[in-house]
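Next up is one chain by itself, shown in structure tokens, the form predicted alone.
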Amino acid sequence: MRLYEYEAKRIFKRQGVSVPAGVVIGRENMGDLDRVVYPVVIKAQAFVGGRGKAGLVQSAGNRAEAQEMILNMLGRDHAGHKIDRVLIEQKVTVKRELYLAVIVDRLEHMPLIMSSQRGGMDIEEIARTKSTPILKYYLNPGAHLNDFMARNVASNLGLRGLLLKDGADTVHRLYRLFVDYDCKVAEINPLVLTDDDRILALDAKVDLDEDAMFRHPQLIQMGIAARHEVGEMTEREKFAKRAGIPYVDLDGDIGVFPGGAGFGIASIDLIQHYGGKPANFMDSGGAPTQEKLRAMLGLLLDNPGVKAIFGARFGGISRCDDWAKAVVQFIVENRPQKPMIMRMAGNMEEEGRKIIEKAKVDHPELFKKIKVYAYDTPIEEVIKETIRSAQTEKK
């Protein structure tokens, strides 16, 4: 569960990590601009990156400039997320930009501290080109960060003298925050050295483990409640949640209509493996009702980015004939124009196939882009055909 920058900085301050003085502004509290010390930096609050390059981080020298910039930002869309608040911070003069983060290395199953003597907007490019080393420090799960390692991290950031002590303290506090709040990510980019030799977290990124939030009632007191894993929900995700359908929008063009969550994840991997781009994750759960199955298909047809739909049903607890009835009823009622390439096998498969074949005879025009394969067609071939169909639809 990702936090807004201002929320992450509230936790930083609580843990003793230094951040610039700031205030959160929305349309309802524009009057708070009167108590701001100018000049300031105005930063739109969004869960996704790229704000600077999108013009959503700007400087203002006075109240009038600030208000005009804020009103221009509020309501804007950034990568699918609407801006409804900004963070105003006192502008500081920066001598150096550094990078510091604590993450969970999912391959090593260990906490990992990462640091670099260069930070800022191009950290991904730095990591890709290796123009500046990104140093890594592993710790055993639950291990205490000792003073020597904290000083070593600070030293490798290029900090010396009194700044070495302050830097080591920041490393300690960030790692402690990571552990105390059950974080997945605690990142400062950039961690800056100011012209008056202060070390400040100029930006903050924190991802929490939503399943562990019950252990942190202090988050509720800070106004931080459980929400979507990556960011604000899209309208389709909100609908799916109300309908009890586990669903996440992705940025591809192949709608995924699977059975359980495990095969849903495997489908996404296979689509990507064969050169396609999945448009969503979805899970029907065990023995879904026909109403739920039709709602799942509706989510995919509602997405204008979806060019073709890949579907698969293995009848175990669920029944293939129930699945077939839901598919047929949805097609007859909604008359979709997008190709649907699917595979059905397992419990009540023969009955399900008869339902599909009868529908093709009764409604040949509606089913001319609908294919439902049997168990003897490898799922890989069904996915490849779906990818080809999506590419054809885009032309």
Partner chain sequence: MAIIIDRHTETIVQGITGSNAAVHTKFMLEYGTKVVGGVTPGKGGQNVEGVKVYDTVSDCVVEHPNVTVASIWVPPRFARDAILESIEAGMKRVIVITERIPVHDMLYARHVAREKKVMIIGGNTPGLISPGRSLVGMLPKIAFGAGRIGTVARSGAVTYYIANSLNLAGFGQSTSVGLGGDPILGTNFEDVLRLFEEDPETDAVVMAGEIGGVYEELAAPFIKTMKKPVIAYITGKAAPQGKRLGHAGAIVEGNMGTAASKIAALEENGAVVAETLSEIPRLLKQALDGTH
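Residue numbers count along the first chain shown, from 1. Note that the coordinates shown come from a computational prediction; the quantities given were computed from them, not determined experimentally. Here, rigid core means the biggest group of C-alpha atoms that superpose within 1.5 Å across both forms.
One more form of this protein exists, namely the form predicted together with its partner chain; it is left out here, but the text below deals with it.
The contact residue chosen from Glu97, Asp207, Glu89, Asp253 relative to its partner chain in the predicted complex is Asp207, the criterion being a non-hydrogen atom within 4.5 angstroms. Cys183 is the sole member of Met282, Ala295, Cys183, Leu193 with a non-hydrogen atom lying within 4.5 angstroms of its partner chain in the predicted complex. Residues of just one listed stretch (193-201, 72-80, 310-318, 296-304) have heavy atoms within 4.5 Å of its partner chain in the predicted complex: 310-318. For the chain shown alone, Gln221 is not a contact residue for its partner chain in the predicted complex, no non-hydrogen atom being within 4.5 angstroms.
Thr93 falls outside the set of residues with a heavy atom inside 4.5 Å of its partner chain in the predicted complex. Heavy atoms of Arg160 reach within 4.5 Å of its partner chain in the predicted complex, making it an interface residue. Interface residue remark: Val104 is counted as part of the site for its partner chain in the predicted complex, having a heavy atom within 4.5 Å. Three-residue candidate spot Ala44, Ala66 and Ala243; no residue lies within 4.5 angstroms of its partner chain in the predicted complex by any non-hydrogen atom. If you take 343-359 and check each residue for a heavy atom within 4.5 Å of its partner chain in the predicted complex, you get Arg343, Gly346, Asn347, Met348, Glu349, in sequence order. Here Val57 does not count as shifted, since its C-alpha moves by less than 2 Å between this form and the one not shown after the core is aligned. Relative to the superposed core, Ile379 undergoes a C-alpha shift of no less than 2 Å between this form and the one not shown. Relative to the superposed core, Lys165 shifts its CA atom by less than 2 Å between this form and the one not shown.
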